[in-house]
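Only one chain is given next, in structure tokens, and it is the form predicted on its own.
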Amino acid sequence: MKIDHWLKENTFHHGSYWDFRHMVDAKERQDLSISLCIPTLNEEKTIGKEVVIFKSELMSRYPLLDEIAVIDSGSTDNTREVASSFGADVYLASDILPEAGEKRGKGENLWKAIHQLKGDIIVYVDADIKNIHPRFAYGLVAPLIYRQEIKYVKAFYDRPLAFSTGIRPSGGGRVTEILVRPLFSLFFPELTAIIQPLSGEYAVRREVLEAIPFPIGYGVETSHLMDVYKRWGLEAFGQTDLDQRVHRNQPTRDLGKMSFGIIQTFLSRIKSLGMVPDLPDLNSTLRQFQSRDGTFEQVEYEIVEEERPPMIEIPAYQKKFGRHL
């Protein structure tokens, strides 16, 4: 599929999906169930508003969502209590599939949600969105309801950098533009059509989610795009313009750690896909420097992008959903 054609046919705007009643009717005719998953770790300041808005507008007023679930990594603040008090189903990631053991990372939460939630479609929404709006859910699930051939819908938006004095109307998406887009340009040119490949908001059909592996850390979104593209092609993707997203921005040092994990996942993928003949064993230590009292000292981080297998390979999942390899 040519990029220009895909951009024209598979890029949407949430404003096109204003008729909620029509959307719900189409969902019900197909007998679809839709689950919203919000992965959390210490998000007590924003999680309550997210749950209230999604529940009031997309469950009570219009029955688009069948469940709203928080999958928590072990918050030490009141995230779980706040989410539960406003009506979300709240789960500790460590309590889901306990026989598989406990790992820490956002990707782990997303993976375990596939087993815990019941939806034919799962929409993932980050918990730190300050300008939360129902469009962050309906804008992503609508293309899946109306276009059967689309399997995976990514969000894109203006991502302003938030400062104490207000909003600067540019910037954001730094790891995408500095790292992921150049890598995709070299190895997967068609994937450069996806405007924000690292966006934390996306909706996916269950049959896709259960069939792909999940890195537990920073590389999960990048690996998803590579795996879905190789198996189903660019035509399986859609993307929706959600206008603007205001959230907590990370310092550059933390983005370095994120980039290190993403590169590990990317290299592992191109090796498993047979795109490079061989790779040496990869170092898992990231070294950064900081200045203290006029001298530089090094700080080392051990970052290993572990990976969960496709959920369809897990016996407990096969039994629960009656699905098999």
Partner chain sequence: MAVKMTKVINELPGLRKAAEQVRDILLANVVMMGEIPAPTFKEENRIRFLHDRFSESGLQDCSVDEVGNGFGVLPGEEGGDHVLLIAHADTIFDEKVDHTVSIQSEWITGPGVGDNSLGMAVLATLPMLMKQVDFKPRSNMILMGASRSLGRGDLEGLRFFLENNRLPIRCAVCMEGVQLGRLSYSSLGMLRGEIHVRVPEMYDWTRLGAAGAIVMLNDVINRINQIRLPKRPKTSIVLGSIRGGTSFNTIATNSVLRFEIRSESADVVRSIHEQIEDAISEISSETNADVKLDILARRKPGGIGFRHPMVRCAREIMRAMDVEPRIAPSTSELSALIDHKIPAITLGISTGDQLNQLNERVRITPMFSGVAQLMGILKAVDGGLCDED
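Model, not experiment: these values are computed from the prediction. Numbering follows the first chain given and starts at 1.
What follows is about the form predicted together with the partner chain, which we do not show.
If you check the partner chain in the model of the complex, you find no heavy atom from any of R174, K257 and Q288 within 4.5 Å. Remark: F86 counts among the residues lining the partner chain in the model of the complex, judged by a heavy atom distance of 4.5 Å or less. Although the partner is absent from this view, E57 contacts the partner chain in the model of the complex, with a non-hydrogen atom inside 4.5 angstroms. Remark: I53 counts among the residues lining the partner chain in the model of the complex, judged by a heavy atom distance of 4.5 Å or less. The partner chain in the model of the complex is approached by K130, whose closest heavy atom lies within 4.5 angstroms of it.
Figure note: of the listed segments 105 to 113, 174 to 182, 199 to 207, 86 to 94, the one touching the partner chain in the model of the complex, with heavy atoms no more than 4.5 Å away, is 86 to 94.
Scanning M226, I121, V82, I145 against the partner chain in the model of the complex with a 4.5 Å heavy atom cut-off leaves one residue, V82. Residues in 142 to 157 all lack a heavy atom within 4.5 Å of the partner chain in the model of the complex.
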